[in-house]
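Just the one chain here, the form predicted alone, laid out as structure tokens.
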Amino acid sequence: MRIITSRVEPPVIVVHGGAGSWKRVFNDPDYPYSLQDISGLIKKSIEEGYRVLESKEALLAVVESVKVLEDSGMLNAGIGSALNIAGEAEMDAAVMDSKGRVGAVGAVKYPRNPVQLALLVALETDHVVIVGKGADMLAEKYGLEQRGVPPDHIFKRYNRLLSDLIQGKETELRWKKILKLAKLYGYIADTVGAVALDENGTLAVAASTGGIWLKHPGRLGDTPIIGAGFYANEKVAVAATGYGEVITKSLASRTLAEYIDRDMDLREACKQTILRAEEIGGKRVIGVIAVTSEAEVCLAYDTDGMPSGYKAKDKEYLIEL
């Protein structure tokens, strides 16, 4: 387990590109990007989000950071999303802030930036979560950009995994029921996210994901579930990443917030959140990023990597995988 904490001067934004088996990702013959590419992308996401944070509120800043990650094609979100067993991308995203604004979308296929659609749900509808065709219809009616054609490496990976499935080959598996449904479980990091604190004291979180490779159509992970993949209140904003079913069962983001409510320090709260997830799903299952109303930042994970970092008025930090 690795935990990094720091007290900074606001405004501050924290970004992650997914907790997972990054060593295996870089050894994947179908994955065309390097460690340097990912580090550069995380830095760009932080910089773009911070630029918005300097003049606008935290909610818009975290959305901007996540949009950068969705647009890259390098990570499992937006145009780089994993494909389900039917060869389709079904994406989830969510936003929330300490003012009580919250929106999430699930199993969407239309938008290039699902996080933008989640923001629409939060600001332009009376609902909290919209999924499937209804969410796609909302994206189209509001003129959001369509997802378009995924990068070549997505199709190559899908075809290879599907070929392995047909031939009865197996790779590392987490869930017996997924083995029963799909016979194969992909291992690329599964979520991107950002949390921020603006100079007015507002906390916000945004997250986006393509889910797991060869998942059953219609599967929702932790990302659009309040308290699982994301949570924000007046004391802390949290984004979780890793194995979605474990994060959902442990309600990781809400759990961390509850620890803060009990006056636990942030470092210990992150540690206990990870330990609780490990009790449910075993080792190497989760990563979290968080920022408190007191401008304390935490990046924590039990996987072999979580590309992430933060920028504040007085300090910058970037995790190298």
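Just so we're clear, the structure is a prediction, and the values are computed from it rather than from any experiment. Numbers for residues come from their place in the sequence shown, where the first is 1.
One more form of this protein exists, namely the form predicted in complex with a small molecule; it is left out here, but the text below deals with it.
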*Heavy atom to heavy atom, is Leu214 within 4.5 Å of the small molecule in the predicted complex?*
no
*Hey, in the predicted complex, does Pro111 get a heavy atom within 4.5 angstroms of the small molecule?*
no
*Tyr243: heavy atom within 4.5 Å of the small molecule in the predicted complex?*
yes
*asked:* Taking any heavy atom pair closer than or equal to 4.5 Å as contact, tell me whether Ile247 reaches the small molecule in the predicted complex.
replied: yes
*Counting only heavy atoms and a 4.5 Å cutoff, which of 230 to 238, 127 to 135, 152 to 160, 206 to 214 contacts the small molecule in the predicted complex?*
206 to 214
